[in-house]
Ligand code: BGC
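Single chain ahead, written as structure tokens, the form predicted alone.
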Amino acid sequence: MVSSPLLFPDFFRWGTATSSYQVEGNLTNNDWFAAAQTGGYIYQDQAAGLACDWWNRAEEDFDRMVTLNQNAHRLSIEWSRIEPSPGVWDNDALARYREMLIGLHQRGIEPMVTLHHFTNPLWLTEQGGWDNEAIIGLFERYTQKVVSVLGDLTPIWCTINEPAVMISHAYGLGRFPPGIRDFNAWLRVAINVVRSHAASYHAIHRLLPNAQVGIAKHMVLWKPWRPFLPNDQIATHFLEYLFNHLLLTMMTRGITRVPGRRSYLLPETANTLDWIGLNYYTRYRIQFELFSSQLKPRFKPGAMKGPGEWGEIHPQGMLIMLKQLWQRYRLPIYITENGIPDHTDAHRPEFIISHLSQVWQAIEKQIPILGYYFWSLVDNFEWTEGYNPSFRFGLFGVDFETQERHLRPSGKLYGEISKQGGLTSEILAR
């Protein structure tokens, strides 16, 4: 029997995470809704539709957070609701977000607010979206409006969710709208995203000098498929830098170099992170075919992995990523997402315990980790996977026809962990 409990600091935030388009419902004024109408991006060309109906009943799920002993939640604001057309603000939408944040506070749950989680208003898309330098000022204006109305309700702000995923999938792989595959566009967008983040960071601090501002950064554990081959090693190092560290380097140092391109000097983006949010899910092994110049993900036989192209489940990668972030950037860390697509809930309980064990080890190594936000509280619309039954991430399952919820065993377990403040000896033994 395991006898040593893994208990976390008293200040630790035990939470979950959601995003607006994935849970709110009836969002028809953004690029992801338009992509569903165009077709070709999303599983069965599904739109989010009613999703989890949070716009009308979020408080019901806030009550469910209480039953799971949560003291924190990360949610996002939908830009297309706040600014449905250029320079026109929807005060009713802002009032509803105030209700949500107040509702969290009333339940003893601290909100973390994300300003951008993948979706853009249609009017912005028509202007070129992230590929138009004008977005820097537009995102700053949007930030100022949101923070001026909601700033008294949270000091913790996340400017942009998973910028490397958004950039690579929308402008490199063509899997997210606008579906572009152009490395030059990728570079332009990367610069615009970092400058937009910096403008947002400075705007928040002008309005809220004591605010804590960061981003949610998806990190992948990249490994060479054939460690003995230089081409696999070089390709892996390239991906690791480009995906994991390029943007963070810009946001912390204001300068970076893209392999094969010139250096970029952006002094206004230096020191624009008060914390880093880690979104960690998977490991990928990379094979690079020299003659075809193709990168291929490869998986070891018998390795535990998610459905489809989802990578390997590798809990030890959590500690590796946390150590890497701390050694490179010396900033406090939130784990802003961590979860597994598991509609049967067969693996999620073990996933939670194994990954939290790695987080505990990081804290024992004096890495300043402030909280853990599990993805996700409820099943939701999962971007390109839509409502694919294989991609269910919730501690609560959702029947999208009836909006009924059911607590999964993993949810009960996470609620117990949150109540105890860590992994007790009894939990570990069980």
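What you are looking at is a predicted structure, and each value in this text was computed from that prediction instead of being measured. Sequential numbering from 1, following the sequence displayed.
Keep in mind that the form predicted in complex with beta-D-glucopyranose (BGC) is not shown, yet the notes after this line are about it.
Under a 4.5 angstroms heavy atom criterion, identify the one residue in Tyr284, Phe118, Phe351, Trp326 near beta-D-glucopyranose (BGC) in the predicted complex. Of the listed residues, the single hit is Phe118.
Position in contact with beta-D-glucopyranose (BGC) when the complex is considered in the predicted complex, options Trp375, Trp32, Trp54, Phe62, heavy atoms within 4.5 Å: Only one listed residue qualifies here, and that residue is Trp375.
Any chance Phe139, Thr159 and Thr269 all have a heavy atom within 4.5 Å of beta-D-glucopyranose (BGC) in the predicted complex? So, no: the whole triplet misses beta-D-glucopyranose (BGC).
Among the candidate stretches 316-324, 96-104, 273-281, 230-238, which one is within 4.5 Å of beta-D-glucopyranose (BGC) in the predicted complex when only heavy atoms are counted? Result of the contact check: 273-281.
Is Arg81 near beta-D-glucopyranose (BGC)? Define near as a heavy atom within 4.5 Å, in the predicted complex. Arg81 lies outside the contact set for beta-D-glucopyranose (BGC).
State yes or no: in the predicted complex, is some non-hydrogen atom of Trp310 no more than 4.5 angstroms from a non-hydrogen atom of beta-D-glucopyranose (BGC)? Yes.
Is His245 close enough to touch beta-D-glucopyranose (BGC) in the predicted complex, meaning at least one heavy atom pair within 4.5 Å? It does not: once beta-D-glucopyranose (BGC) is placed as it appears in the predicted complex, His245 has no heavy atom within 4.5 Å of it.
Give a yes or no for Arg195: in the predicted complex, does one of its heavy atoms lie within 4.5 Å of a heavy atom belonging to beta-D-glucopyranose (BGC)? Close contact is absent here: in the predicted complex, Arg195 is far from beta-D-glucopyranose (BGC), nothing within 4.5 Å, heavy atoms only.
In the predicted complex: members of 372-393 within 4.5 Å of beta-D-glucopyranose (BGC), any heavy atom: The stretch touches the partner through Trp375, Glu382, Trp383, Phe393.
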